[in-house]
Each structure stands twice: as C-alpha cells, then as structure tokens.
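What follows is one chain in structure tokens, specifically the form predicted alone.
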Amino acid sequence: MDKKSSSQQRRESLGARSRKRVREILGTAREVFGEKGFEKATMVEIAQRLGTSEATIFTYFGSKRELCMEVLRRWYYEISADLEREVPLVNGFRARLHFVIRKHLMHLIEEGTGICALVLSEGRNVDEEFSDLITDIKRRYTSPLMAALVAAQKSGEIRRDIPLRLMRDMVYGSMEHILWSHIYSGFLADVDLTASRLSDMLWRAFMPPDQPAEALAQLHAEVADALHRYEQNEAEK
C-alpha cells in the first residue's frame, strides 16, 4: 500500500483524541499555507506553531503535499456545502449568479493569498496521484451553479445557444482573472462592487437575445399603467 493510502487509512480509524489532533494540524496548516503558499510553507513551521514535532504530523499525513491536499479538500467541502444549501433558496437566476460570484470572491479573498493561489493553481499542477480528487471536488463545487444554469436554460431565463459548460467556465474564468490580479498586486478590490459588476456583465451575455426588447416593452407598459392610474386619481379629485 502506498504512503498516501496508508496515512489516509490511519486517519479513518482514529479515536476522538486523535481526530481532534488532526483538526488542529489541518487548522494550523491552513493558516500557514494561507500566509505563505505551498512552496514556502514548511512542515517545521506548522509543527512549531502547533507546539509539536514534525514526526507527529507525519503520523497522520505522509507528506506536505498530502497535508495541503487535505486542507484544500476540506476547504472545498465547506464552501460546497454552503452553496448546496443556500443557492436553491435564492430566487431567480440573476440573483443566484450574483450570489455564487460574491460567495466565491469573498471566501477566497478572506482565506489569504496563499490559499487563494493554491485553489486556483492546484487543478493545473497536480500530479496524477491527486488528479481524480481535484476533479471530484471541483465538480461538486461547481454543481450548484450548473444546476442553476440548467434550470434557467429550461425556463428560458437564459439563452439556449451557449453550452452550459461554456457559461460555467465564463463565470469561474472571469473570477479567476480577478483573483490572480488580487494575488499579484495585493490590491483588495471592493468585493460587493466587483461581484455586482461581474454578475451584471455575465447576465447580459447570458440573457436571451430578445430579452432587452421584451424588457423595454414591459417598462413601457408599466409606465403607461402608472400614467393611467395617475390620470384616474387626478380625475377623481
């Protein structure tokens, strides 16, 4: 059995005290990776912050990369669970799109540039050992948006001539560009304003081609109705 499998197996059979220790290791590792990124983070520093030895960490994790991947897996699990619970409660695709974008940007920026860079880069640079894991956790992470896209396309809220996967990639690709800019420049953008602008831009790209005309017609009808009611009120005075 390889190193990864044996350490995973040990973690799965831990008692309550050891599970608590694993949570402490992962919490500290998340802080260190968030501050320094994968390359500059060391197991020595993680152990020092924990007040323990490297040997203790290696009891539960076979390597720094394995520890890092478990940190990322749990990060994805947390936000995926939030999205799965919260996105269906938001009414309308446009509002759901804004919600997903704001949640993603806020969550990553709050984690620190190290974790942000890890989340963005691991899918490109992982070795074969972890490729299946990354694929699975990213699939779950993006599924709430995909479900919203499917429902919106079926209901006619968004156009049907753009593949769903392309729409998904447009959303996450746009956010990736914003986040890499944040990582390299250190500039912390106004997340609410950025999320609103990006969701508006993408909404205009996704809306059916005839929707602007329909929206204008609806506006004219609402104005005409309001004017009619105003004239009625004036006549009754």
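Numbering starts at 1 and follows the sequence shown. Computed from a prediction, not measured in an experiment: that's the story for all the values here.
Only in words, not in the display: the form predicted in complex with the DNA, which the text now covers.
When the DNA is considered in the predicted bound form, residue 54 lines it closely, a heavy atom lying within 4.5 Å. Mapping the unseen interface onto this chain, residue 63 counts among the residues with a heavy atom inside 4.5 Å of the DNA in the predicted bound form. Using a 4.5 angstroms threshold between heavy atoms, residue 58 counts as touching the DNA in the predicted bound form. Though the partner is left out of this view, residue 201 does not reach within 4.5 Å of the DNA in the predicted bound form, counting heavy atoms only. Residue in contact with the DNA in the predicted bound form (any heavy atom within 4.5 Å), chosen from 175, 69, 41, 191: 41. Heavy atoms within 4.5 Å of the DNA in the predicted bound form are found in exactly one of 41 to 49, 177 to 185, 193 to 201, 164 to 172, that being 41 to 49.
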